[in-house]
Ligand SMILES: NC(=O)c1ccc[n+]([C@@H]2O[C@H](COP(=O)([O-])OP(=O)(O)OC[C@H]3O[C@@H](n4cnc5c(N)ncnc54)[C@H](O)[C@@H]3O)[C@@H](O)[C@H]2O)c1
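Just one chain is shown here, as structure tokens, and it is the form predicted on its own.
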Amino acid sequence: MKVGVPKEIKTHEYRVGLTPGAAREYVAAGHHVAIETNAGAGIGATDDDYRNAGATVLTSAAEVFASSEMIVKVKEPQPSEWAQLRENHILFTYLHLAPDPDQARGLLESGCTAIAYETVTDAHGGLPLLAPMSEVAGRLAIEAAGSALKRSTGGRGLLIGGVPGVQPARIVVIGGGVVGTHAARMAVGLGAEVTIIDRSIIRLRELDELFEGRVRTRFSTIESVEEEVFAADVVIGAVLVPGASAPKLVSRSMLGWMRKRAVLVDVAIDQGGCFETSHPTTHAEPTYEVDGVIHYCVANMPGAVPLTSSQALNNATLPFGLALANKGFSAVLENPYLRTGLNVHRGRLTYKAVAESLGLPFSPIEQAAA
């Protein structure tokens, strides 16, 4: 199959769809890889690195799209990219369609087959292509919070871990999944006082054992969320509903009861955000203030550490990408885990949670593929 990798164009996005090592694996499997010039610059990979891996380097994204059957990316296609997609294309990337009707419309009109990293599953019911970036984002969330807490950036002027004799920051993590666990791990390591809120008692037990009493755990109710958020210096939004828009767990009215210059870090912003006052920001302008509360809502957090992120992502996506390259759309029909990744096919939405979030018709895979 002809596999194409355009350079990412989202603001301050330095990751790349295929590292030179991953490109080499595709070539070794008998596929042709075309990569846009300088696509790997953000991870320090040169065009010659890709040529040495057996890939062809093209001068523009337009050439990559026009010459390829499968497009491998990192972030969701931007308007100039979805306009270049055609019916013969398989798009393999993060999509996050639920809060993005414009992108959904663009993909539907293109007629392409779009498979979302974030809804591909595994034998354990996990999300193997989302997990590595969730690990990165969870850890970065605490770094972002530490920066936003500084008085010079508008925060409370608080050091996360405190110093002897001085109270550390009180950090509340809403959601005990991969993001929340890694955020808590970082926060605990820095000496913060950490509480994790989740709706699963089973998961709370697991977290209690994992952290050996170094974090507080609370079952998620309206009351517990309010109590913890109002007393927090930092709130990490780490809630995920696969494929669907994130629930709004912190309303604007709650901001008035929070500590002034406290920080909200919304890691769920790709799925619409779990704070009512959230809207996507960029690495160039990561924060804004609402009612005296600092919001950090960067939609591509792992893009700040592209070398780590690209390698981790490629490790996870490689077997699925090779399956698609080897068998095309047949791989989706044969592989139950890739089936859950299919969001768009021939102008139809094939992922129910996305269709419901957008208020558009849902088509089962069998119907869309008929």
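All values derive from a computational prediction rather than experimental measurement. For every residue, the number given is its place in the sequence shown, counted from 1.
Here the subject shifts to the form predicted together with the ligand, a form of this protein not shown in this document.
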Practice problem: Work out which of M254, V188, V178, L108 lies within 4.5 Å of the ligand in the predicted bound form, going by heavy atoms. | Solution: V178
Practice problem: Only one of V290, L210, V241, A83 comes within 4.5 Å of the ligand in the predicted bound form by heavy atoms, so just point that one out. | Solution: V241
Practice problem: Mind telling me which stretch in 74-82, 195-203, 115-123, 150-158 gets its heavy atoms within 4.5 Å of the ligand in the predicted bound form? | Solution: 195-203
Quiz item: Taking V3, T37 and A55 together, does each of them reach the ligand in the predicted bound form with some heavy atom inside 4.5 Å?
Solution: no
Quiz item: With the partner left out of view, is L249 within 4.5 angstroms of the ligand in the predicted bound form by any non-hydrogen atom?
Solution: yes
Self-check item: Partner proximity in the predicted bound form: T93 to the ligand, non-hydrogen atom cutoff 4.5 Å
Solution: no
Practice problem: Would you check, heavy atoms only and a 4.5 Å threshold, whether S220 touches the ligand in the predicted bound form? | Solution: yes
Quiz item: Even though the ligand is not shown here, does G341 get within 4.5 Å of it in the predicted bound form, heavy atoms only?
Solution: no
Quiz item: Relative to the ligand in the predicted bound form, which residues of 288-303 have a heavy atom no more than 4.5 Å away?
Solution: V298, A299, N300, M301, P302
